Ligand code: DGJ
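We begin with a single chain expressed as structure tokens, specifically the form predicted alone.
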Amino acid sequence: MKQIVTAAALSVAVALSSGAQTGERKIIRIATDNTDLVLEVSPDNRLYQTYLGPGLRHESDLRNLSWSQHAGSDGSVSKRGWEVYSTSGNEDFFEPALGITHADGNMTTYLYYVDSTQEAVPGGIHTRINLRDDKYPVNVTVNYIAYTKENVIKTWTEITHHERHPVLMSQYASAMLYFNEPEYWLTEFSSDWAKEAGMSTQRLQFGKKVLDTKLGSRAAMHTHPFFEIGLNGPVREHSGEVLMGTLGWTGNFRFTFEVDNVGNLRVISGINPYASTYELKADEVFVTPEFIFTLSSGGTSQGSRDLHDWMRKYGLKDGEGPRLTLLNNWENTAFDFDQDILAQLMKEARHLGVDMFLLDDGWFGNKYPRKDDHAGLGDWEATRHKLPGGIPALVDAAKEADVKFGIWIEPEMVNPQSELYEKHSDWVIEQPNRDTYYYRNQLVLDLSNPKVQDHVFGVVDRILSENPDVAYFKWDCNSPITNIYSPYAGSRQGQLYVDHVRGIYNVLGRIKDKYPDVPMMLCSGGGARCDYEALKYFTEFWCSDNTDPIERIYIQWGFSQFFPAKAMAAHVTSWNKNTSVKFRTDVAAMCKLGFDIGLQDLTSEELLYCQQAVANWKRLQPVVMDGDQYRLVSPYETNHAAVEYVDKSKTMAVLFAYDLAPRFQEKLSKVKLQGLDPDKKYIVEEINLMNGQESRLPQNNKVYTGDYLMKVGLDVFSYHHNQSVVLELRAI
């Protein structure tokens, strides 16, 4: 770790008037405790990246870096260096961050350094760098916040101009980063319904690799908005240098990875400008989404822990607060329920020991009752023949059962068979002159329209104002945007994808401001919404509709690369009955625990086990939800999996271990724990045992030093398929 204090970064930021010349080099340092991003202003006032890597111990070494070390071989000044925010039409031959067509038709932009400032903000230092074109009144402010302790940097840009007429932006990235390593390996996260967060790795060669989405809403259905780059080798879990980056944007995004002719890599992150040429008016400020990244020298394991810590403190709604366990009714009843059935399920929730009962889809609509997914979306009034007492009666029933009450909504969507569509078809994104394509029998409301924003906010506001004891929302989004056209946008259709997402944030911001303490789950047919910006307004997200515990181990492994356990909702269901209730529960207990199963389908032994597992999860919630996570054994590399959580004081730990599909008499290796205090002694106890079952582990109830547990390890795997072990370790 470098020994110079972060405040030293303030001393090397130089403010300079546009076009001024000086003999002093102008260096700007963006620093965490473990990473340095160093920028330099060239003699003709262009801004370049000179270094991004492990923190430099000595400030004097910054002077040994030079913007020209990455310039072209033609000997010219300010040509083809690593420009921080490269623009279209300049000397650079590769992908730019910003593309502007000026009012006179000129498509070139050159940005020159004006000045920079740095100030302390909670957790770190905010650097603002102002750039300006010398021929056109175009201004770009590049922002960085370096979170010193968490080793996380977030960056975004602000673009504005003062031309007489609007300019057209064809590209408007959030960030550009550069690397010069022998090789680069990309790990991407592909997805579809029920198979989210699939991890695959490939080497990046000359040219471009692009990850993007064009779905508008439910945008991450096929590609998730995060990636990992192994620098000088494939991404590894516990060693090696890796860039881990993600974009905070709930709509179309694009990551471009371009290896140039001399083997340098540039990484460009931002909104996907597909069908989104943006008409920027004079004095309007276009703010790009935040790109959040960490550079880890200890593999993805350390990078994940840094991102988890950052997200709990700065990125997740109520990120340092507790989470509610729950019982959902969907897998148990689907649409087939009434008021009496729900009241009984609330009593089951209390008997199970969870905190809350969550009512899922199917509770609304009267002219078009919601009896399947063909009708009712948009009409958020309780169906009278199913729920004669409405939501108030359900809240009262929950109080009687002594559990909290939560409810499912999908307020951004509408079925054509709905009163809302009949009254306000002009509120819907739909082509006026073509046959309509329906995804899941529904359409997307046009959130670029302020009236629609008021309506969607009103759905939540009305429920909570009339029923202040509603304790939770599950907010779903089951359709991408189809038939892209906005009656509200008129001639500015190119801004719809962008303005629609801004409208969503406007609604969510209003909800958070008025109801800051109401937790909400971000759901989108599974993990098709899983970005850092949306999670500022949600306490957790639904990883997948696939709750098969075998599949969930892979899904949760992938998502855990970027999200802490408390942001990931996992439920015990009846998917894959070839696995035991214990196995299914132990998998869900690695995340924010919930149940979506009928208690009447459980044996008395299974019910007792679930009750004990809930009690254990609640007791150990501070370790699993707020502790450091260590992914010890990968299901991608073995026939087993193991994940460990250690609290910050290193006095408690929980180990989850799973036998998936071991081969006959294969070699079983010990699991070496991590993150413990080597000088402390820990008692190891197997928990979450079925009633009457004794632990098969020879280490059960024995005491070991942290040093032994990390260097020698424990025998926790077996030759049995679909078997799980949960160990609690307590320092004594």
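Computed from a prediction, not measured in an experiment: that's the story for all the values here. Residues carry their position along the shown sequence, with the first being 1.
The same protein also exists as the form predicted together with this ligand; that form is not shown, yet it is the one meant from here on.
Peer 1: Answer with one of Phe357, Phe227, Phe595, Trp542: the residue that has a non-hydrogen atom within 4.5 Å of this ligand in the predicted complex.
Peer 2: Of the listed residues, the single hit is Trp542.
Peer 1: Which listed residue (His161, His308, Arg584, Lys474) meets the criterion of a heavy atom within 4.5 Å of this ligand in the predicted complex?
Peer 2: Looking at the other structure, the residue within range turns out to be Lys474.
Peer 1: All three of Trp408, Arg440 and Gly525 touching this ligand in the predicted complex at 4.5 Å, heavy atom to heavy atom?
Peer 2: Heavy-atom distance to this ligand in the predicted complex: all three under 4.5 Å.
Peer 1: Where, among 88-96, 474-482, 507-515, 256-264, do residues come within 4.5 Å of this ligand in the predicted complex by heavy atom distance?
Peer 2: That would be 474-482.
Peer 1: Tell me, yes or no, whether Asp361 is in contact with this ligand in the predicted complex, where a contact means a heavy atom of each within 4.5 Å.
Peer 2: Yes, Asp361 is a contact residue.
Peer 1: Test of understanding: in the predicted complex, would Tyr314 fall inside 4.5 Å of this ligand by heavy atoms?
Peer 2: No.
Peer 1: Phe179 near this ligand in the predicted complex, any heavy atom under 4.5 Å?
Peer 2: It does not: once this ligand is placed as it appears in the predicted complex, Phe179 has no heavy atom within 4.5 Å of it.
Peer 1: Decide whether Trp330 counts as a contact residue for this ligand in the predicted complex under a heavy atom distance cut-off of 4.5 Å.
Peer 2: Trp330: yes, in contact with this ligand in the predicted complex.
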